[in-house]
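Here you'll find one protein chain in two forms, each presented separately as structure tokens under the names structure 1 and structure 2.
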Structure 1
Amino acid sequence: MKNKKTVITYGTYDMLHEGHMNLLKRAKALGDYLIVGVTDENYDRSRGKLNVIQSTKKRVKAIEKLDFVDKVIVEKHKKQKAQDMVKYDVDIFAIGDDWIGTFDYLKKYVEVKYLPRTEGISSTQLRRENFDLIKMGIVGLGRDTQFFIDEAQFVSNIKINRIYGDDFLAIKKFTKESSIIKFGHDNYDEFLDTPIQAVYIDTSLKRHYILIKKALQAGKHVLCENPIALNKKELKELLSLAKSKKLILLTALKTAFLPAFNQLLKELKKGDIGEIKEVRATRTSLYREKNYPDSFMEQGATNILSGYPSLLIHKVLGKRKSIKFFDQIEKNYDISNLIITTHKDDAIGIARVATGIKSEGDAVISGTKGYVYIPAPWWLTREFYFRFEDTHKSYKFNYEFEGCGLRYMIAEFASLIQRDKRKSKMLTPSDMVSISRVVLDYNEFKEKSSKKTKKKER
């Protein structure tokens, strides 16, 4: 017969404060044994909490130090609460009264208690008092600039109010029409000399190297669209410069920061589909139909799009052993490319990218016991399916997805700055090198092919 009353509660507990402590003590007073669920930062972001300062590990450690807390667990997904009630034979679920009614569905498992919050104190308030806003500038006036600015509004510790571009009249028009960006610059050195701490770069690919280099030299953190460089020497130089300056240089591949994508990687590590032997991912877009200029198309499908499938393949299969390209050329640039890589244990990566051909933008991760299917557009990961020979064993994951996905990337960038961290676990320098090398190797391959063609013509 059970002789102790178990209470469970959940929270983010960012910057553990008096309000948290009071709520936890009230919860413990309801029973004999208190279990505290600390939300994983990936789960927090999936439910719109983009401004958490402390890492999951640090928040867990802070709760573990409390002598009246008996057990600490990590909450990783929406359905976990009900599972935990059964698993830990819970009697009472306690939560703050700002959630009144939200968790009534758990009453079939436990008694639900809504506890009063401590007025006048919150994590949001403490963030405002202890952390300055990160001032950020935009470099480039591309078609996606407004999307980035709009998404950044959901990350409260970021403030964007400056933009740089070569075309003075275009910049002047943009700032006049924008309700957010008030300062425009057509001189890059002048722009970097303003009190901004970080820049987001979205320009033609060939300009990335010099713009990144100047920003790092000026002491600014950099978030730049992929690829950050078009040859190996430049890539190595930029990464070394960022390291020496103790600054963040992060590739803006938004897929890497999506909650569902990161959950997918965690689920794969459990080994449910056996040994992974193949990863296939497709990313195509008919930019001409979207009225993108020819100058954009001329950068080539591999340069523009290969970062996405390369990310998935590298994250799942690791370092590659060999690479082959099967491209289709039009007007001296590739409109499509089939990129095949080999990896450890004879695993194969198959990446298909195209700007002149349209294909289904899905992805499949094949293992010896089953496979994972990510429906199109897989790079905006919302859901994924684990499928097996016995269809009764199949299951799926479905995650909430806000906006166009950029806010999760911006939140990670801001978090790194505020935590004084140089590397993101979601996209490490090693990841960036591996992804960039596909572009670098292809450009070398194309150059060699061009020389061979010219030699034959002679």
Structure 2
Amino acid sequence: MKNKKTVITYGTYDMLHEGHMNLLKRAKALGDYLIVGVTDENYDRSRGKLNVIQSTKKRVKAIEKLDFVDKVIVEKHKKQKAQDMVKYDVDIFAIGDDWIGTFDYLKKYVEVKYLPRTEGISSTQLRRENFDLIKMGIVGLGRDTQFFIDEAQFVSNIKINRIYGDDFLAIKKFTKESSIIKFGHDNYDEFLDTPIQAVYIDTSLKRHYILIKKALQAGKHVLCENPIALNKKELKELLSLAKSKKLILLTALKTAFLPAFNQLLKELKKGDIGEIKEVRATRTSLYREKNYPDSFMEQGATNILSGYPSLLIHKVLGKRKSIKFFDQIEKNYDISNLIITTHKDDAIGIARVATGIKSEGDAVISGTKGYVYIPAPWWLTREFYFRFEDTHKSYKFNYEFEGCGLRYMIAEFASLIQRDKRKSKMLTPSDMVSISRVVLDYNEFKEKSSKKTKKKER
């Protein structure tokens, strides 16, 4: 016979409040030993909780401080609850009655109790009271603008209410039809002079530099599509301007913010596949078939697409030592590029991008003991496989994401502004520099090779 009754409960416990405390005390009163599972940030994001203010570490610490809590664990995925019931020999699972019915499947392991929730208090309400709504404007009216606006609706602490674009008539039509954006501008200075705190820039790549510069000078945080600049001098200038103004300058590479992508990086750190020797990632898109204008394609495959494979390669292998390009040119621009980089301990990065060739958009991370396979489209990371010589040892991870994945990036950007942080751990300024440098080096390489060809022709 067991002499102590074990109770378990789970939650995010963001900005620990009276409602949480009441629930925890009620749970403890059901038995003798209380285990509290605190949700990990990637798990929270994958289950749609995007606006959590405190880190997992902070939330765990706050629960550990409570003298009536006996053990604190971290909850990382959906299936963990059932595993925990067996692992910790739990008698009672308790949770607030806002979850009534959801956890009935645990009844085959334990007694399930839904406890009364405290009315009139919630983390959402506290966040609203403690943090102002961030007003944001959009720069550029492109094919994907509406996606961005739709996704931002899921981020509760941000409000997009303005748009700037060159084409006065198009902007007028857009604001007339939009139920969300009511203010349109065709004068950038005037747009920046409004009370917006942040801008999202999605224009032709050539215009990024000047638009970012002006926005930073006007004191606005900037989220901008990759690459943020097309040469080294400009990139350096923008990063130091953001730093001196204490503003956020973040590259809009949505993969970097996806729950599954971040989980993948965490899992790799455990070392199961041994020493990582090679990362290979492909990203191709036949924009012409998707009716993009020629002017878009003419920006070149490397400029448009290399940010994605460069992100994975840099995050896994770190700084690069050397770089080589094997491009295929049509008219004046690259329709394909195979970019090979070398890194510490002779590790190799292989990035394959193309707008004129179609290929399988998957990624493989190879180590001395096994490899990770991320199926296409790997940059919209959902699942990944750890595979070994002994196939019995192989395992799989699956983290769903909602919508087209943009909301996780928007939520991180908003959360940085609210927490008064300038750098995102998911995409640091040094990550951004390394990723941009691939583009910048390629543009230098192309310039040099076109000079050589011209010399030969003379």
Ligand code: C2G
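All figures in this text were calculated on a predicted structure; none of them were measured in a lab. In this text, the rigid core denotes the largest set of C-alpha atoms whose superposition between the two forms falls within 1.5 Å. All residue numbers here follow the sequence of structure 1, with the first residue given the number 1.
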**Prompt:** 1 or 2: which is the form predicted together with the named molecule?
**Reply:** 2
**Message:** Given a superposition on the rigid core, I'd like a yes or no on whether residue 109 shifts its C-alpha by 2 Å or more between the two structures.
**Reply:** yes
